[in-house]
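Encoded as structure tokens, the following chain is the form predicted on its own, with no partner shown.
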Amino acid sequence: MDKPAGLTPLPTVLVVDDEKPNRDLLVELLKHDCRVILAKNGSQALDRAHEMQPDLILLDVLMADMSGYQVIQTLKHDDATRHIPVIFISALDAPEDEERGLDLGAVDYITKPFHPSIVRKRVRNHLQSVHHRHLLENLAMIDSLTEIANRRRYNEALENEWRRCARSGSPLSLAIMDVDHFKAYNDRLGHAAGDGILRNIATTLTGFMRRPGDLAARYGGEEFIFLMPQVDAEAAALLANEIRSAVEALRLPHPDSPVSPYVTISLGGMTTPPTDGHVDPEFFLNADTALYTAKAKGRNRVVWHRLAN
């Protein structure tokens, strides 16, 4: 059953063991603290680790198709799964077996027969460490002033969405926007007021993130980006103009702007159909060129470029 909205989802633990009684025991032990998914052999474990991206893997060593040692080696050599912590649970209790497991990258090694309460506490401790790591990773991707994604998060998202659009043959659109005459605003009203403007614009942008792949980010200074996977040029340009209009509709006074009595933004955009897994640097540069064109034409407007198939 899904958790009620607003609650933190349970962490996911992948249990890998070719003996059903062992799987059943671990499910019963962990089901109140975790979402438990199961694999009965090594190849199934690798598939589910890729698909489900669990927070932790409990891995048996002795299995029919491939050993747990082989499984962890495969996991650690794959960028998509190398970060997932692994705990071995094995009947092999010699010191050299435990040493080998830890050398291969396991975070813990538990021998069978195990004491249920000890396993539960060890799993809880490792999941807490995973939670803290995720928090730190998320903080590293957030702009501290506006609390939206930062440039690092944008770069990561761009690479992921570029590859996804290349596989699906879908267009990818990017809008770059700049606050009009922002230096004049800061010079007149001060940087604290300017920071408030940036936060207001960031909040406005998040309201336009309507699909899972959409991303609003602060690129730097008074510059923001909006990434739109699977959105064609016409729809992206329309959305960009909605963003422009929404910022102006905030009616934030700008006493030194020759464009408007209120704070406005200029936007440049680019739409392209990615064709391979490598981001074309011209994608951003063309959007940036469109932004400068929008400024040259008087600001508070959208200029959009499109690269045809």
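Numbers for residues come from their place in the sequence shown, where the first is 1. As the structure is a prediction and not an experimental result, all values here were calculated from the model.
Only in words, not in the display: the form predicted in complex with a small molecule, which the text now covers.
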Answer option from F114, Y219, F208, F182, heavy atom within 4.5 Å of the small molecule in the model of the complex: F182
Heavy atom within 4.5 Å of the small molecule in the model of the complex, from candidates D97, D214, D108, D178, belongs to D178
Within 4.5 Å, heavy atoms only, one stretch in 162-170, 76-84, 221-229, 119-127 touches the small molecule in the model of the complex. Which? 221-229
Flag D195 as yes or no: does it have a non-hydrogen atom within 4.5 angstroms of any non-hydrogen atom of the small molecule in the model of the complex? yes
I'd like to know whether K295 contacts the small molecule in the model of the complex, with contact meaning heavy atoms within 4.5 angstroms. yes
At 4.5 Å between heavy atoms, is N186 in contact with the small molecule in the model of the complex? yes
Under a 4.5 Å heavy atom criterion, is L102 part of the interface with the small molecule in the model of the complex? no
